[in-house]
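Shown next as structure tokens: one chain only, the form predicted on its own.
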Amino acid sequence: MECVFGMVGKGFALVVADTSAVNSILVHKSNEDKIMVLDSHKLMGASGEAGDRAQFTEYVQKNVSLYQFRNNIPLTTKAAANFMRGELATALRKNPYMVNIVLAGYDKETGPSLYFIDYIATLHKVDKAAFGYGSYFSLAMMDRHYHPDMTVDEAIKLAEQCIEEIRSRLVVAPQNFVIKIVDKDGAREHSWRRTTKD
């Protein structure tokens, strides 16, 4: 019962993901961080099959680092999103990855941005996005309370409302969540919202 969602505010982007590693009816782990820091100003929240998620996110992270190493300049968030879309599209015709991505980044020229990339290589630049069973509730909450000029505190409060809605309304709800933010100061972990111990 995975859940990954994100939103763009005034000068920042935020990504939230559950931390459950689940297979069938078993919870293997409750502290799995599904939000990868791609570089100093990019976050990638991923949901999907555990093996595909780990393999694809690490592959993207290494290729983004390789590009920066070779060219002495980092990829923009838009370029990173298009790279991921291209890789998913290529894999779709061979051995598809079952992974959905919410990519958040901050670029000096364009500011914060958020990209929605699904397993069939659909790419959209959006203000808010969600994947997984929790998306039904988080998108409903964001549709009602989201506005583009949100402050960090307002976005964190909205993320907490989404988490609370998921926990109270989803039958098999993940209990722990991690919240990460990217802004002009870089990508960083903001906090964990836990109801169960590791």
Partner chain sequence: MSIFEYNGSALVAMVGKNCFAIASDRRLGVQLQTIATDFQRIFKIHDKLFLGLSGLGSDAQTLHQRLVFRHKLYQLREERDMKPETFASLVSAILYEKRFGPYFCQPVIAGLGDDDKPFICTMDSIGAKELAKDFVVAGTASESLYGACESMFKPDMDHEELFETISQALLSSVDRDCLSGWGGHVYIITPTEVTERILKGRMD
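Please read all numbers here as calculations on a predicted model, not as lab measurements. Positions refer to the first chain, counted from 1.
Below, we turn to the form predicted together with the partner chain, even though it does not appear here.
For the residues N95, N71, T122, T110, the 4.5 Å heavy atom test against the partner chain in the predicted bound form is passed only by T122.
In short, of 135 to 143, 160 to 168, 41 to 49, 62 to 70 it is 135 to 143 that has heavy atoms within 4.5 Å of the partner chain in the predicted bound form. In the predicted bound form, the partner chain lies within 4.5 Å of some heavy atom of R85. Proximity of A89 to the partner chain in the predicted bound form: non-hydrogen atoms within 4.5 Å are present.
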